[in-house]
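Before any questions on how it binds or moves, here is one chain, the form predicted alone, in structure tokens.
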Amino acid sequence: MASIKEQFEIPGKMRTWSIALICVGLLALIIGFATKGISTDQHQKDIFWGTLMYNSIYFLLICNGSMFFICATTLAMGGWQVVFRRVPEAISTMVPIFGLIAFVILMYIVFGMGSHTHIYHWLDKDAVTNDEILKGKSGFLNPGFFLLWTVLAIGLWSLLGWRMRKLSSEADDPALANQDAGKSFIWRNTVTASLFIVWFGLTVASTVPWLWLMSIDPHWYSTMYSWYTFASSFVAGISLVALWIIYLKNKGYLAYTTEEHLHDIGKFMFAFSIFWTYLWFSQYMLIWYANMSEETVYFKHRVEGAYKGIFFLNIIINFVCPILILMKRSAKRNYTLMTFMAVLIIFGHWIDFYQMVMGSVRPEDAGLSWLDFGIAFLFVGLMIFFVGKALAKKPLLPVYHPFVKESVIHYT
């Protein structure tokens, strides 16, 4: 194994592209702040901060999805992912970085803009006083609880993710070849993964989407919303893992990662695309069928208004394309098709988060602009830069992991 190329070296082109994207993104951020962020027009200001908000939340959640993947497969005693485990680990290092960015943006919207924002209506004390629905939710929708839960969510994602990566570093130590040491290693991984999964369920699968996203429409709620958000971010996250694996394979790394492993990644992409569609249809169909005004308010301007095209484009990109292309076994083993689908899914669910946020912030005016793409370039550039640095810090193959042999001979 020592002769295999498993120590990643950051290529010059990769560093150049990442810096270029960061520069373009920073330029868009500066121009957007000057023209919209400090505008006297509250509508323009809300557009600027709404754009920062959905981008930061989206990229934070898809990177956090990488650690969810590691922890879920750890609890399932799934050894098949060990040979490429360092890839989702490296992606998960973005959680503290993107988490800090999202935290600053959210805190400015809540405390800096306060009741002047049209993003979170529940910040307006007069509106809450005169609105029975908002008053009933005030124990949950208030700045103090928002701050506390956001700190706890991002903080524990970062802490438990760091703990999982620290444990993974032990797999580079020959001492782990000892049977007792191996058992202890698996047990400690299992305990930490369990804690992460429980906290992930209490946040991403429940409260965080309610606070950060659904409360933009405080009169509306859906019991499926958090699962919908999870499915959207996780399928994009697993697509991001696929992209990095294919990139590294093309550069001569991950020698023990084969089309068998890529096939299983493709299964996740296919399965969660279908799961997302199930939630999309169930949420929409039940509300459309009941036709109750307090429920249809969310969908009315998305189905009939300016967002109609984007809303239904979601189905084409995020369901029709995956089911037609990824259903075949051969497609999930084809590097070109998997790259195309991974990029398409990441882009498709970025659009999904765009309409989830901006469809409520500016319901009368749809359309992606230079600011949307510029801010996205900033996050993509940061991701490429820091994930590349994380990959270069440790060998790509955890040689002494107890399940490494199982992973090397994996067949699906």
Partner chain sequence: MHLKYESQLREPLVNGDKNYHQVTEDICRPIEVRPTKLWYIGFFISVALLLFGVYSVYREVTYGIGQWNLNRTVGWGWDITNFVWWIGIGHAGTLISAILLLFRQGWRTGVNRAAEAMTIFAVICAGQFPLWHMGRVWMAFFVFPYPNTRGPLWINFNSPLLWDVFAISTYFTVSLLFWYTGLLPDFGTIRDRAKTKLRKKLYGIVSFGWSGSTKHWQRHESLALVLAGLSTPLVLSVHTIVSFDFATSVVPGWHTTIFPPYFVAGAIFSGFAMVQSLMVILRKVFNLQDYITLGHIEAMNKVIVLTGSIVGCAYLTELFMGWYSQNKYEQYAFFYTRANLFSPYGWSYWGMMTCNVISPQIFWFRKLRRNLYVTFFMSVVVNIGMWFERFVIIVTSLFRDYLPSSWPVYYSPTIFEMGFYLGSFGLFFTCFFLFAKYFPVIAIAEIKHVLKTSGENYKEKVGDIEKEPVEEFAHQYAH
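Nothing here was measured: the structure is a model prediction, and the numbers come from that model. Numbering follows the first chain given and starts at 1.
There is also a form predicted in complex with its partner chain; it is not shown, and the following applies to it.
Of the heavy atoms in residue 330, none are within 4.5 Å of its partner chain in the model of the complex. Residue contact check for residue 124: none of its heavy atoms lie within 4.5 Å of its partner chain in the model of the complex. A residue is said to contact a partner when one of its heavy atoms sits within 4.5 Å of a partner heavy atom; residue 221 meets this definition for its partner chain in the model of the complex.
When its partner chain is considered in the model of the complex, residue 186 lines it closely, a heavy atom lying within 4.5 Å. Residues with any non-hydrogen atom within 4.5 angstroms of its partner chain in the model of the complex fall in just one of 308-316, 290-298, 243-251, 155-163: 290-298.
For the three marked residues, 11, 49 and 111, no heavy atom of any sits within 4.5 Å of its partner chain in the model of the complex. When you look in the model of the complex, the only residue of 285, 151, 104, 175 with a non-hydrogen atom within 4.5 Å of its partner chain is 285. Residue in contact with its partner chain in the model of the complex (any heavy atom within 4.5 Å), chosen from 100, 303, 323, 133: 133. Using a 4.5 Å cut-off on any heavy atom, the residues of 394-412 that reach its partner chain in the model of the complex are, in sequence order, 397, 399, 402, 403, 404, 405, 406, 408, 409, 410, 411, 412.
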